[in-house]
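Considered here are two forms of the same protein chain, supplied as structure tokens in two stand-alone entries, structure 1 and structure 2.
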Structure 1
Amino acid sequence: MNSLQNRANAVMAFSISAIFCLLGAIAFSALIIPSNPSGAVALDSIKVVTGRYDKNWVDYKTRNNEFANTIMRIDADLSSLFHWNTKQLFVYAVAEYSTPTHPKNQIVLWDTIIKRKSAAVISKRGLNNKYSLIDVNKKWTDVNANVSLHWNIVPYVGFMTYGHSKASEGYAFPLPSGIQT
């Protein structure tokens, strides 16, 4: 006959195995739930200014660095991404461009965390970039950027999945303020 300890061990082992099988089924079933999110980002204006970066990043060697300020609008309906296994969405706007020295550059312009399905419809106008646009070459000459909306789905259980909207047409960066050609 089995002792009480052996019986408790068998019940716990079976319970833990059943829970892990259930969690695995939840994780894989969340991947096959259909969704059709839509989103678009448009830059209303781009202004390139010359100076030091900002209060958090100081370059004492030169004061001729260029950084860009943008005003954008974001329209997105991400409510179809929310289902029973979605904890939150991490949504961010990305500018992607290439330069002769660096073929692929991506800069996050803006981000937010959405925790409820009711907040998953985004319509923002006149939005300034949240993070500084600074190129590694320190100049924005002859740069065309494509802007798109990206999202990460953070689940309660399972795999984090990613997605993005179609990239907008190229936006040309102007010369810095005060420079004439």
Structure 2
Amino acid sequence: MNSLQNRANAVMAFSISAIFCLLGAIAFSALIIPSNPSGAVALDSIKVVTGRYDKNWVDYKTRNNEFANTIMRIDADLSSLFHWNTKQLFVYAVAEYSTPTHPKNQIVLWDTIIKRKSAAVISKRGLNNKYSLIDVNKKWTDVNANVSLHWNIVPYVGFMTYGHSKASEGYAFPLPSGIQT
């Protein structure tokens, strides 16, 4: 530490070690902050239509792909999830069902990113699903789904944490009712 550069180097190196410890403490402290989020998704209507293409599904080979169009209502209060280490929340509505060939299927009906605590109360009505809903077996017959709201807390530093609401049960998918495209 006898020259200017030496002392500057010593200060910088120690501060990097210290910031590492500070960020570690912040990351671990975020794990023990209590929160009480609540949320619910309900489907008001489900329609199955056939068509060649949909919102984000392009399959010009098959004329009769079965797409499900849902109208949802979502209520959630996620403001208690915003602590000092929360950068944003990724919130998504999931429908879960089982088919004879695949015991567990999950599809995302809708998602959003919430960046501020003031925007964390969600109250949506008449929402269409954001992405095309098409099953891997190409048919929606005999499918009975639960829908629930999931969220993912993206931190500034540390661990990604997940949570979900209770599932609303028993939404049966009807037979195809019309031709879309």
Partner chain sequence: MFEFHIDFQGQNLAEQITQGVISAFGVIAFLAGLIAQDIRLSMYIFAAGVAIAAFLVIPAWPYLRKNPIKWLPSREKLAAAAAASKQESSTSDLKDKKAS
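Predicted, not measured: the structure shown is a model, and the values here were computed from it. The first residue in the sequence of structure 1 is number 1, and each one after it adds one. Take the two forms, find the largest set of C-alpha atoms that superpose within 1.5 Å, and that set is the rigid core.
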I need to confirm something. Of structure 1 and structure 2, which is the form predicted alone? 1
Aligning on the rigid core, do we see the C-alpha of M160 shift 2 angstroms or more between the two structures? no
Superpose the two forms on their rigid core, then report whether the C-alpha of A25 is displaced by 2 angstroms or more between the two structures. no
Angstrom shift of the Cα atom of R7 between the two structures (superposition on rigid core): 4.5
